[in-house]
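In the block that follows, a single chain appears as structure tokens, in the form predicted alone.
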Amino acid sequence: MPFIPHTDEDIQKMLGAIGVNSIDELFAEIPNELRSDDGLGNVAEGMSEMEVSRLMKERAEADARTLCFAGAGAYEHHIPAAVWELTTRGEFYSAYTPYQAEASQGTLQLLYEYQTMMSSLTGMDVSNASLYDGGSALAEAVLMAVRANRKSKSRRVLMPRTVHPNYRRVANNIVKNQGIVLEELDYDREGGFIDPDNLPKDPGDFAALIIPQPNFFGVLEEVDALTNWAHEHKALVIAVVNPTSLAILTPPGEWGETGADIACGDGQPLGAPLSSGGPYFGFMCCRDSFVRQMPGRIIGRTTDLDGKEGFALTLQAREQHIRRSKATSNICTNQGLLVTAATIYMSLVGAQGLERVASACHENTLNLLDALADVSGSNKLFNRPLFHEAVIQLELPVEDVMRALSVQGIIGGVSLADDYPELGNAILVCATETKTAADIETFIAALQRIAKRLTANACPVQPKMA
């Protein structure tokens, strides 16, 4: 990226203009006990432009083209070429937070259109203009629910184990020091879902119930029954959803008798490439009655004194840069560039196109499961309807299988050993619309060869005795 370096002379001129003699003097207000003695510590020395270019090229080449059957919250979808051609135009690419409405009408209009699309997709009344990622969006939804639920004095939030493990960790790290307890609900071992019949008859006072749809296993939860149960106990419902799935599944705003109260998730499926793990963006929608408790910012449409339509930031007083310690949230920025891509993606694909994408994903995953049935020593776990991905149990050690697949350029899924050890040698597999019948055949053939070889190595033939 182009840059303009500051010379020592430039730095001295800038320091002189603000009336200080050195950079150390500029930061003199920082107490000594908060300063690091070793400066930047283990940060390496700077590189030349040529060295940096070579390093980045080597890292890019390390991301070799692979056949990916992994999902678990980040999905390989087809992204029309126009999405990032438009997103990386200077008008969008260099724009940051649109504080100056008179100079940012294009960005503000795009964000307004994004909010409209997300509200429509989730069936909710209002959307904010994005958060960092799915995990932080869930954490913010928990904080919001505790603030907004005036019928509950509790700081308990029920968190199913079927919620993405990373989301659970992020949410806990953010809310635990605010006295909020995330109380885990275990899942049914046969169905891989939260069975409404097993919920406690008297759960006590709790602020909210989190419902993933589909859940981390790809299994569909009984969202209507769970939503009604939570509302019967005067708790709010937080929906954690995959935006692509909403093209064919009932949106959170229509769950149960009155719908979910807050919906959140990760927007990565909407036009963001995998990119070795990010950046992605989080989304959040809610009922109109809770809009003042929503973190982040909302773009509003208005008219000026001459009656001309325009757009502006609204309800900013909830943000850190306005209210400081009294802010609703410390997340006072957004993932604007990723939201730009998502808005263009949804505009290009359209409602019918997104439905076709979701249907193709589901069909490919079912085809993958049918093919896996022919692999010796593998079987599908959970007997419930699913979307997008599924859990497969192997007889062989998962790490050995994954390592062998990786050597052949195949990402064979995500191991569940660390987060769900009770499932044994289990992996989460996914096949999006990008996978062809030939891709699935390649995966199955490789898996069969690996299973045969590993089985032979594990059980060597004993020589016959003379």
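Just so you know, these numbers come straight off a predicted model, no measurement behind them. Note that residue numbering begins at 1 and tracks the sequence as displayed.
This protein has a second form, the form predicted in complex with a further copy of the same chain, left out of what is shown; the following refers to that one.
Novice: So which stretch, 200 to 208, 228 to 236, 184 to 192, 82 to 90, is the one near a further copy of the same chain in the model of the complex (non-hydrogen atoms, 4.5 Å)?
Specialist: In short, 82 to 90.
Novice: I'd like to check something about E433: if you look in the model of the complex, is any of its heavy atoms closer than or equal to 4.5 Å to a heavy atom of a further copy of the same chain?
Specialist: Because a heavy atom of E433 falls inside 4.5 Å of a further copy of the same chain in the model of the complex, the answer is yes.
Novice: Counting only non-hydrogen atoms and a 4.5 angstroms cut-off, does E441 reach a further copy of the same chain in the model of the complex?
Specialist: Answer no; every heavy atom of E441 is more than 4.5 Å from a further copy of the same chain in the model of the complex.
Novice: Is E422 close to a further copy of the same chain in the model of the complex, meaning a heavy atom pair under 4.5 Å apart or at it?
Specialist: No, no contact at 4.5 Å.
Novice: Please run the contact check for K153 against a further copy of the same chain in the model of the complex: heavy atoms, 4.5 angstroms, yes or no?
Specialist: Answer no; every heavy atom of K153 is more than 4.5 Å from a further copy of the same chain in the model of the complex.
Novice: Residue by residue through 349 to 381, tell me which have a non-hydrogen atom within 4.5 angstroms of a further copy of the same chain in the model of the complex.
Specialist: Going through 349 to 381 in order - heavy atoms within 4.5 Å of a further copy of the same chain in the model of the complex - there are no hits.
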